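The form predicted on its own is given below as one chain in C-alpha coordinates.
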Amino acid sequence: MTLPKRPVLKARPAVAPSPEKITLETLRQMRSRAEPIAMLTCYDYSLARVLAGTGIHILLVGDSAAMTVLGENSTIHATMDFMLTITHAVRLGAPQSFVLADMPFASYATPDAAVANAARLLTHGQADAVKLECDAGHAPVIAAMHAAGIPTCAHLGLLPQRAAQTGGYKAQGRSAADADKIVNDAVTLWRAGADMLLLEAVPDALSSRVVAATDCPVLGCGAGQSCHGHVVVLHDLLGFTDKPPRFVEKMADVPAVIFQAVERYVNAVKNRQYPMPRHGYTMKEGQ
(Lines give C-alpha, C1' and ligand atoms only; values in the text may rest on other atoms or scores of the structure.)
Protein backbone atom coordinates (compact mmCIF):
# COMPACT_ATOMS: atom_id res chain seq x y z
CA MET A 1 0.00 0.00 0.00
CA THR A 2 1.36 3.43 -0.91
CA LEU A 3 0.76 6.68 0.85
CA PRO A 4 -1.66 9.10 -0.81
CA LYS A 5 0.04 12.04 -2.44
CA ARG A 6 -0.30 15.24 -0.53
CA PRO A 7 -1.54 18.31 -2.43
CA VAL A 8 1.13 20.64 -3.72
CA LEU A 9 0.76 24.10 -2.22
CA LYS A 10 1.94 26.89 -4.48
CA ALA A 11 3.62 29.55 -2.43
CA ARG A 12 3.21 33.18 -3.30
CA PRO A 13 6.33 34.75 -4.79
CA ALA A 14 8.52 35.99 -1.97
CA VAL A 15 9.58 39.60 -1.78
CA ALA A 16 13.22 39.80 -2.76
CA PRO A 17 15.39 40.37 0.30
CA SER A 18 17.39 43.57 0.49
CA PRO A 19 20.73 43.16 -1.31
CA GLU A 20 22.31 45.39 1.29
CA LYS A 21 22.45 45.19 5.07
CA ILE A 22 19.60 47.05 6.72
CA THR A 23 21.07 49.49 9.21
CA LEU A 24 19.82 52.14 11.57
CA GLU A 25 20.45 54.69 8.83
CA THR A 26 18.29 52.60 6.47
CA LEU A 27 15.43 52.82 8.97
CA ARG A 28 15.93 56.57 9.40
CA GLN A 29 15.74 57.05 5.66
CA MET A 30 12.59 54.94 5.48
CA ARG A 31 11.09 57.18 8.14
CA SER A 32 11.97 60.31 6.18
CA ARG A 33 10.42 58.83 3.02
CA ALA A 34 7.29 57.74 4.91
CA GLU A 35 8.04 54.16 3.86
CA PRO A 36 6.45 51.68 6.32
CA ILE A 37 8.82 49.48 8.32
CA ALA A 38 7.83 45.81 8.74
CA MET A 39 8.98 44.02 11.88
CA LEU A 40 8.31 40.62 13.46
CA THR A 41 9.62 38.65 16.41
CA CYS A 42 11.99 35.80 15.66
CA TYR A 43 13.77 33.41 18.00
CA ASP A 44 15.72 30.84 15.96
CA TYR A 45 17.94 30.25 12.94
CA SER A 46 15.50 28.31 10.76
CA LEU A 47 12.67 30.83 10.96
CA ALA A 48 15.13 33.71 10.59
CA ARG A 49 16.20 32.24 7.24
CA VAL A 50 12.58 32.07 6.10
CA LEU A 51 11.70 35.56 7.30
CA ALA A 52 14.82 37.11 5.79
CA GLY A 53 13.65 36.00 2.34
CA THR A 54 10.38 37.91 2.65
CA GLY A 55 11.94 41.35 2.72
CA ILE A 56 11.25 41.89 6.43
CA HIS A 57 13.16 44.91 7.73
CA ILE A 58 13.55 44.23 11.46
CA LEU A 59 13.65 40.95 13.37
CA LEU A 60 12.94 41.45 17.06
CA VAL A 61 14.53 38.80 19.24
CA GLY A 62 11.99 39.35 21.97
CA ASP A 63 11.99 38.20 25.54
CA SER A 64 8.49 37.00 24.59
CA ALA A 65 10.40 33.83 23.69
CA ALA A 66 10.11 32.93 27.37
CA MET A 67 6.39 32.45 26.72
CA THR A 68 6.20 31.38 23.07
CA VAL A 69 9.22 29.06 23.09
CA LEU A 70 9.71 28.03 26.72
CA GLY A 71 6.05 28.00 27.81
CA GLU A 72 6.52 30.30 30.80
CA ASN A 73 3.76 32.63 31.96
CA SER A 74 5.85 35.80 31.81
CA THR A 75 8.64 37.39 29.79
CA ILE A 76 10.76 37.84 32.91
CA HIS A 77 11.96 34.22 32.64
CA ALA A 78 14.13 35.01 29.60
CA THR A 79 17.68 35.12 30.98
CA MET A 80 20.64 36.99 29.54
CA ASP A 81 22.35 33.77 28.47
CA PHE A 82 19.16 32.60 26.75
CA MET A 83 18.77 35.93 24.93
CA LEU A 84 22.40 35.83 23.81
CA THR A 85 21.98 32.35 22.37
CA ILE A 86 18.82 33.03 20.40
CA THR A 87 19.98 36.47 19.23
CA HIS A 88 23.10 34.94 17.72
CA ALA A 89 20.99 32.22 16.08
CA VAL A 90 18.73 34.82 14.45
CA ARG A 91 21.73 36.77 13.21
CA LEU A 92 23.15 33.65 11.56
CA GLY A 93 19.84 33.04 9.81
CA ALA A 94 19.29 36.62 8.68
CA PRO A 95 22.63 38.36 8.11
CA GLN A 96 21.11 41.24 6.11
CA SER A 97 18.16 42.01 8.41
CA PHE A 98 18.23 44.54 11.23
CA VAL A 99 18.29 42.46 14.41
CA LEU A 100 16.86 44.14 17.50
CA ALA A 101 17.40 42.25 20.77
CA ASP A 102 15.37 42.64 23.95
CA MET A 103 17.27 43.36 27.13
CA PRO A 104 15.92 40.84 29.65
CA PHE A 105 14.33 41.60 32.98
CA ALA A 106 16.61 43.40 35.48
CA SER A 107 19.54 43.52 33.03
CA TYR A 108 19.50 47.33 32.90
CA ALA A 109 18.81 48.31 36.50
CA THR A 110 21.78 50.71 36.48
CA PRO A 111 23.62 52.53 33.68
CA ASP A 112 26.74 50.38 34.20
CA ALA A 113 24.78 47.12 34.11
CA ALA A 114 22.87 48.27 31.04
CA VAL A 115 26.03 49.13 29.11
CA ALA A 116 27.74 45.86 30.05
CA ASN A 117 24.76 43.65 29.18
CA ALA A 118 23.86 45.51 25.99
CA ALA A 119 27.47 45.25 24.85
CA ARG A 120 27.22 41.46 25.13
CA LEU A 121 24.09 41.41 22.97
CA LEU A 122 25.88 43.46 20.32
CA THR A 123 29.22 41.62 20.40
CA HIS A 124 28.39 37.99 21.25
CA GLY A 125 24.79 38.08 20.05
CA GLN A 126 25.64 40.27 17.03
CA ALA A 127 22.49 42.35 17.37
CA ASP A 128 22.27 45.72 15.64
CA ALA A 129 20.50 47.40 18.56
CA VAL A 130 18.85 46.62 21.88
CA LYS A 131 15.36 47.35 23.19
CA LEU A 132 14.51 48.07 26.81
CA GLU A 133 11.23 48.74 28.56
CA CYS A 134 11.47 52.14 30.21
CA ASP A 135 10.08 55.52 31.16
CA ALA A 136 11.60 58.97 31.73
CA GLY A 137 13.39 57.65 34.82
CA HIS A 138 15.61 55.59 32.53
CA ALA A 139 17.03 58.66 30.79
CA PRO A 140 20.43 58.20 32.51
CA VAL A 141 20.51 54.56 31.35
CA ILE A 142 19.73 55.55 27.74
CA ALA A 143 22.30 58.37 27.91
CA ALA A 144 25.01 56.01 29.17
CA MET A 145 24.29 53.51 26.42
CA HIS A 146 24.28 56.27 23.81
CA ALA A 147 27.65 57.50 25.09
CA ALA A 148 28.99 53.96 24.80
CA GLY A 149 27.91 53.75 21.16
CA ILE A 150 25.05 51.31 21.74
CA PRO A 151 21.97 51.87 19.53
CA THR A 152 18.80 51.69 21.60
CA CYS A 153 15.05 51.39 21.19
CA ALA A 154 13.01 52.69 24.13
CA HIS A 155 9.85 50.63 24.70
CA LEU A 156 6.89 52.54 26.21
CA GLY A 157 3.20 51.98 26.84
CA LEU A 158 2.34 48.44 27.86
CA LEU A 159 5.48 47.03 29.49
CA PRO A 160 5.27 43.22 29.78
CA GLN A 161 8.17 43.02 32.25
CA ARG A 162 6.11 45.14 34.66
CA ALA A 163 2.85 43.26 34.25
CA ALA A 164 3.01 42.07 37.87
CA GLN A 165 3.17 45.70 39.02
CA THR A 166 0.54 47.10 36.69
CA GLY A 167 -2.07 44.36 37.06
CA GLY A 168 -1.64 42.51 33.79
CA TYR A 169 -1.43 43.18 30.08
CA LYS A 170 -3.63 46.23 29.63
CA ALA A 171 -3.73 49.01 27.03
CA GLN A 172 -2.04 52.19 28.21
CA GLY A 173 -2.39 55.94 27.62
CA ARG A 174 -6.17 55.94 27.32
CA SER A 175 -6.71 58.91 29.63
CA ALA A 176 -5.37 62.40 28.96
CA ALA A 177 -3.05 62.27 31.97
CA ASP A 178 -1.63 58.85 31.07
CA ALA A 179 -1.18 59.85 27.45
CA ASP A 180 0.64 63.04 28.45
CA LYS A 181 3.00 61.02 30.63
CA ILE A 182 3.87 58.55 27.87
CA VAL A 183 4.46 61.36 25.36
CA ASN A 184 6.69 63.12 27.89
CA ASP A 185 8.56 59.87 28.57
CA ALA A 186 9.08 59.32 24.85
CA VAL A 187 10.44 62.80 24.25
CA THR A 188 12.70 62.59 27.31
CA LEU A 189 14.20 59.27 26.23
CA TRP A 190 14.64 60.42 22.64
CA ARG A 191 16.49 63.51 23.85
CA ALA A 192 18.61 61.28 26.09
CA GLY A 193 19.79 59.39 23.01
CA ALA A 194 17.26 56.70 22.12
CA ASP A 195 17.60 55.90 18.42
CA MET A 196 14.12 54.40 18.09
CA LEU A 197 10.92 54.26 20.09
CA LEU A 198 8.41 51.43 20.38
CA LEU A 199 4.87 52.05 21.60
CA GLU A 200 2.79 49.08 22.71
CA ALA A 201 -0.99 48.96 23.14
CA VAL A 202 -1.67 52.70 23.07
CA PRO A 203 -4.23 54.78 21.12
CA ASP A 204 -3.26 56.07 17.70
CA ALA A 205 -3.86 59.63 18.88
CA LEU A 206 -1.03 59.17 21.39
CA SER A 207 1.25 57.62 18.76
CA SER A 208 0.60 60.55 16.44
CA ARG A 209 1.77 62.95 19.14
CA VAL A 210 4.97 60.99 19.72
CA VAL A 211 5.72 60.88 15.99
CA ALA A 212 5.25 64.66 15.76
CA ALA A 213 7.35 65.40 18.86
CA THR A 214 10.39 63.27 18.04
CA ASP A 215 12.80 62.78 15.15
CA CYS A 216 13.43 59.04 15.10
CA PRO A 217 11.66 55.92 13.84
CA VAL A 218 8.60 55.17 15.98
CA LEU A 219 7.50 51.54 15.91
CA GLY A 220 4.09 50.39 16.99
CA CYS A 221 2.81 47.18 18.55
CA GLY A 222 -0.94 47.68 18.59
CA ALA A 223 -0.36 51.44 18.52
CA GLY A 224 -2.34 52.56 15.49
CA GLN A 225 -1.55 53.69 11.97
CA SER A 226 0.56 56.74 12.76
CA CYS A 227 3.72 54.81 13.65
CA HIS A 228 6.49 54.48 11.09
CA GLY A 229 6.59 50.70 11.50
CA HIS A 230 4.66 47.86 13.05
CA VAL A 231 5.50 44.67 14.94
CA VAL A 232 3.58 41.67 16.24
CA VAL A 233 4.66 38.38 17.76
CA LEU A 234 5.26 35.85 14.98
CA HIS A 235 3.53 33.06 16.90
CA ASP A 236 0.38 35.19 17.18
CA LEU A 237 0.47 35.91 13.45
CA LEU A 238 0.87 32.23 12.54
CA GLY A 239 -1.92 30.92 14.75
CA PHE A 240 0.02 29.38 17.65
CA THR A 241 -1.66 31.57 20.28
CA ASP A 242 -5.08 30.64 21.66
CA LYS A 243 -6.04 34.22 22.53
CA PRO A 244 -3.86 36.67 20.63
CA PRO A 245 -4.12 40.43 21.28
CA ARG A 246 -6.89 42.26 19.45
CA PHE A 247 -4.37 44.10 17.27
CA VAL A 248 -3.01 40.89 15.71
CA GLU A 249 -4.34 39.69 12.36
CA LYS A 250 -4.01 35.90 12.10
CA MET A 251 -2.38 35.30 8.71
CA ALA A 252 -2.16 31.49 8.73
CA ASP A 253 -2.97 28.34 10.71
CA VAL A 254 0.54 26.88 10.84
CA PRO A 255 -0.20 24.52 13.77
CA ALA A 256 -2.80 22.76 11.60
CA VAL A 257 -0.22 22.22 8.84
CA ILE A 258 2.28 20.80 11.35
CA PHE A 259 -0.38 18.58 12.91
CA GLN A 260 -1.39 17.13 9.55
CA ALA A 261 2.21 16.44 8.55
CA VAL A 262 3.06 14.72 11.84
CA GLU A 263 -0.20 12.79 11.79
CA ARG A 264 0.71 11.42 8.35
CA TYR A 265 4.15 10.43 9.66
CA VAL A 266 2.75 8.69 12.75
CA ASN A 267 0.25 6.75 10.66
CA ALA A 268 2.96 5.76 8.19
CA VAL A 269 5.12 4.39 11.02
CA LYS A 270 2.20 2.56 12.63
CA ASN A 271 1.18 0.98 9.32
CA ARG A 272 4.77 0.05 8.43
CA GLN A 273 4.68 2.32 5.41
CA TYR A 274 7.75 4.11 6.73
CA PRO A 275 10.61 3.53 6.39
CA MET A 276 10.67 2.00 2.94
CA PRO A 277 13.74 0.55 1.20
CA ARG A 278 14.33 3.84 -0.59
CA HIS A 279 14.88 5.52 2.77
CA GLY A 280 17.71 3.20 3.80
CA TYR A 281 21.38 2.56 3.08
CA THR A 282 23.12 -0.52 1.70
CA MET A 283 26.43 -2.12 2.58
CA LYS A 284 29.42 -1.23 0.43
CA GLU A 285 30.00 -3.64 -2.48
CA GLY A 286 31.93 -6.71 -1.39
CA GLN A 287 31.23 -6.24 2.32
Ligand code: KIV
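In this text, all values refer to a predicted model and were calculated from it rather than measured experimentally. All residue numbers refer to positions in the sequence shown, first residue = 1.
There is also a form predicted in complex with 3-methyl-2-oxobutanoic acid; it is not shown, and the following applies to it.
Heavy atoms of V233 reach within 4.5 Å of 3-methyl-2-oxobutanoic acid in the predicted bound form, making it an interface residue. Contact between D128 and 3-methyl-2-oxobutanoic acid in the predicted bound form is not found at the 4.5 Å heavy atom cutoff. Put simply, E200 is close to 3-methyl-2-oxobutanoic acid in the predicted bound form: some heavy atom of it is within 4.5 Å. In the predicted bound form, at least one heavy atom of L60 sits within 4.5 Å of a heavy atom of 3-methyl-2-oxobutanoic acid. Residue heavy atoms within 4.5 Å of 3-methyl-2-oxobutanoic acid in the predicted bound form occur in exactly one stretch of 26-34, 252-260, 46-54, 60-68, and that stretch is 60-68.
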